[in-house]
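Just one chain follows, in the form predicted alone, and it is written as structure tokens.
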């Protein structure tokens, strides 16, 4: 396949060239232009759920002039020459303020949203708060990492409108969930809670618990048995790797290096 010529565009007054299909967010990061995001992760497919990364794009018309659109930077691919992108126009800032007010009304106690709102001089939302304890913004990062990276699809977005939630099938403990914690790792608001007690790792949101494996040397917990089994099935590593904690693995490796002299 022949590589297409770079496209010439302007972003925040900077004239530059970019490969076709590059997203606006990717280009902005490359140029050091900050665009706020909540639902984006480089390792996961884009979704455009939070809308915080909204920017203004001037698209050339065939008969001359430009038409302007408000788009999400994370999933808008650059496909045309002559685009004029503005990430900080008055219109962009007004849209972001509205979005952050809505998010603040949905999740008033989430520090990350509070901090983002303050950057736009928002201290409180004009919209009614339905649930002061809510922490989930329905960004879908957890469902996508579970499906795309872990390959389990143990959770999904269900319902519509105000009833939309992230749940396991039938809101029951999931057999597919291995308690790997990837969902909690990518969650931008800390909505997913994991607790470790009585030899089990429990993801409270999914009502799912998995037994923890102990290190054969020191007795410290290594991780969930389900996660270790999952890794064993996918990588070719010595069996004892899965029976030792990180500290004991290092000690074992150092001892072998000293013994063999390698």
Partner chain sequence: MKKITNPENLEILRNSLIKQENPSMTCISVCLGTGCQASGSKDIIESLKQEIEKQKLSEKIKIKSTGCHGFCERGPIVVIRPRGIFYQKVKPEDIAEIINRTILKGEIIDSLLYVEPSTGKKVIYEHEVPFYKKQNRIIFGSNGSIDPTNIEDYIRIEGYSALSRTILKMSPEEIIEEVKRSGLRGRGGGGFPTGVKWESCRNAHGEPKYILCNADEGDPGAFMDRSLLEGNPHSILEGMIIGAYAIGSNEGYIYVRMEYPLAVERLKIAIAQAEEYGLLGKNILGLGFDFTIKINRGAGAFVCGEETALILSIEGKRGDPRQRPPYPAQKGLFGKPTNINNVETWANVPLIINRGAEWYSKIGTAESKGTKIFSLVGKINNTGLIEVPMGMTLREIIYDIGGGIPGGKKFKAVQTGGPSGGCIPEEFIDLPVDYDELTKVGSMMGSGGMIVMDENTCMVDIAKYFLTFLADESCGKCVPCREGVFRMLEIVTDITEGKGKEEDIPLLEELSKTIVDTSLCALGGTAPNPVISTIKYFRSEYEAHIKEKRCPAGVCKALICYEILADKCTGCGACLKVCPQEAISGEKKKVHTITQEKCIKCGICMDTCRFEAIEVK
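These numbers were taken from a predicted model, which means no experiment stands behind them. Positions refer to the first chain, counted from 1.
The form predicted in complex with its partner chain is left out here; the points below concern that form.
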Among 186, 105, 150, 191, just one has a heavy atom within 4.5 Å of its partner chain in the predicted bound form, namely 105
Only hit among 49, 35, 27, 212 for heavy atom within 4.5 Å of its partner chain in the predicted bound form is 49
Answer among 50 to 58, 224 to 232, 27 to 35, 192 to 200 for heavy atoms within 4.5 Å of its partner chain in the predicted bound form: the stretch 50 to 58
Worksheet item: If you check in the predicted bound form, is residue 72 within 4.5 Å of its partner chain, heavy atoms only?
Response: yes
When the contact criterion is heavy atoms within 4.5 Å, does residue 182 count as touching its partner chain in the predicted bound form?
no
Contact between residue 167 and its partner chain in the predicted bound form at 4.5 Å, heavy atoms? no
query = Any of the heavy atoms of residue 83 lying within 4.5 Å of its partner chain in the predicted bound form?
reply = no
Taking its partner chain in the predicted bound form and a 4.5 Å non-hydrogen atom cutoff, the residues of 91 to 110 making contact are 91, 94, 95, 98, 99, 102, 103, 105, 106
